[in-house]
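Single chain ahead, written as structure tokens, the form predicted alone.
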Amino acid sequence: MSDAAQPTDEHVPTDDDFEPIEVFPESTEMDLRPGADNCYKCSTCDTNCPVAEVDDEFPGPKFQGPEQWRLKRQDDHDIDDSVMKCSNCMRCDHACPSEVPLSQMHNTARGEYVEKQMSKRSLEYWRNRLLSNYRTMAHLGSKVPRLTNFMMGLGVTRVFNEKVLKITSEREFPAFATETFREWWDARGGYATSRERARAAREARGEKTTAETDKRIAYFHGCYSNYNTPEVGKALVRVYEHFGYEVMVPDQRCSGTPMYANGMLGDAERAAKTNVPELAAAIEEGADVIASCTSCSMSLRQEYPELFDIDGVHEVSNNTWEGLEYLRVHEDLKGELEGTTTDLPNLAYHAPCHARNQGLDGQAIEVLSAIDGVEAHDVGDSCSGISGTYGWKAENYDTSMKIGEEMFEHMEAADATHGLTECPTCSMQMEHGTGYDILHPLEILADALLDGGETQSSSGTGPA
């Protein structure tokens, strides 16, 4: 396991100078006063907030974090319900010059609001809980994927969702794959097969294959790559095996990202109590944790140690990487790509907000530029606007699309045939707003490095 330092954004605190803190003085577990008092009201966070930019009624992250804490300190104020309008893009963390932990304040405030002020019998509560626990719905829907896809595509279903659940009918529900990533993984032979392939690749590359020199990763695939886009997970496995890495796929639940955004912190902690021990055990076996979704890597790296006191949480945080980032740091990725080609030369790339918060926003353009003939156009630093479940709520749909307008315009102006991003919900918004097919950088790497060696189809035609 490498001890190389992971790249971090200059505005994102590292483990050495950032301690978990909390927003409410009555809490005995954490204390947010140091973070709140570091805010000197420069309003940089507000000017970088995509929701505040298009919604004049949203008070912005400064109020949702430090100002709200100060109100709580002075008197017994309730949490302002506008906290549920925060999209959890976390751009305020990236923007703050004083490193005030704004997103952590917002997560804690939403949790307090949902626990103490939101009616558990309201449709809003159950709609939000349904959206934030997507994995449960996906697990059931994937059992009969063709039937589920048909039913969710019906006009009557979409009308019901909007009228009753307030889930917008403007979006098409993402299709379930006919074979999940984990089904493909098991049919392929799991870790035993991956180990054989990785060792053969190391031998072909002239690398040692002793137990002391084994290269091993634990793949955190998340919900969407498992149930909806298994081709992303397959691409990651194949690319890492190409570089001689044995791939482990531990048992796992949702990373918790949609739960934070909806104030369902109890659900997020229950998921973390499965994920942390499983991933920590893989780390003990010499693996580093790799995520193909930047929101998942952000959750494991930042939100877990901020919010949860679980044995092993800091080990998981310190050993988690995004998929492209890890190869860029540990392998000669650009050298390996020199002389390679793909059939998709022109790409419009959007860097997810959660990639920017990890200092990863420029890496896809840098790496893919090494492929002959590929032109990856960065479409700017605007937010896509969907922010996970935020843009699926009927009351947020128009705001979501207004936020995304700049990205749509830049994509359509780019000389590109496909979109490119690491975030599954950003890809939904990109496709929804432009009609482009959207790919993950790992799919481009697999195509360039392996020349289509294994079938990447999610049609369920069998293991490759």
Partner chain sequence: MAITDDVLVIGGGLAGTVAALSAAEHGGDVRLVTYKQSTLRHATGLIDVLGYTPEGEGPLADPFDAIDALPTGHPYERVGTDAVRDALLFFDALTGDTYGGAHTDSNALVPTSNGTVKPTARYPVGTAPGLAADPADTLFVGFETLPEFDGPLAAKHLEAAGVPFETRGVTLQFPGIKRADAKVTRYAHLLDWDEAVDIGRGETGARAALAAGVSDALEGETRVGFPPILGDDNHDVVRRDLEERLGVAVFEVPAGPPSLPGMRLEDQLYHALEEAGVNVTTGVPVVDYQAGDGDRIEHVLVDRKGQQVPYAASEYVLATGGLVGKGVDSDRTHVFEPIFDCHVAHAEDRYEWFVDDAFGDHPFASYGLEVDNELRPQDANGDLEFENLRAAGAVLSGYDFAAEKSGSGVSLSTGYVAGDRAGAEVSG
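Positions refer to the first chain, counted from 1. Note that the structure is predicted; figures quoted are calculated from it, not measured.
Below, we turn to the form predicted together with its partner chain, even though it does not appear here.
Peer 1: Identify whether its partner chain in the predicted complex is within 4.5 Å of every residue in the set Y40, A52 and E325, based on non-hydrogen atoms.
Peer 2: Checking in the predicted complex: Y40, A52 and E325 are all within 4.5 Å of its partner chain.
Peer 1: With its partner chain left out of view, choose which of S142, N88, S317, T342 has a non-hydrogen atom within 4.5 angstroms of it in the predicted complex.
Peer 2: If I apply the 4.5 Å criterion carefully, the residue I get is S317.
Peer 1: Would you mind picking the one in E162, D372, E124, E366 that has a heavy atom within 4.5 Å of its partner chain in the predicted complex?
Peer 2: Checking each option against its partner chain in the predicted complex, the one that comes within 4.5 Å is E366.
Peer 1: Using a 4.5 angstroms cut-off on non-hydrogen atoms, would D267 count as touching its partner chain in the predicted complex?
Peer 2: Flag for D267 set to no.
Peer 1: Using 4.5 Å between non-hydrogen atoms, is T44 touching its partner chain in the predicted complex?
Peer 2: Looking in the predicted complex, residue contacts with its partner chain include T44, since a heavy atom lies within 4.5 Å.
Peer 1: Heavy atom to heavy atom, is N48 within 4.5 Å of its partner chain in the predicted complex?
Peer 2: Contact check for N48: yes, within 4.5 Å of its partner chain in the predicted complex.
Peer 1: May I ask you to state whether E409 is within 4.5 Å of its partner chain in the predicted complex, using heavy atom distances?
Peer 2: Result yes; E409 sits at the interface with its partner chain in the predicted complex.
Peer 1: Heavy atoms within 4.5 Å of its partner chain in the predicted complex: which of the stretches 180 to 188, 162 to 170, 259 to 267, 88 to 96 has them?
Peer 2: Within 4.5 Å of the partner lies stretch 88 to 96.
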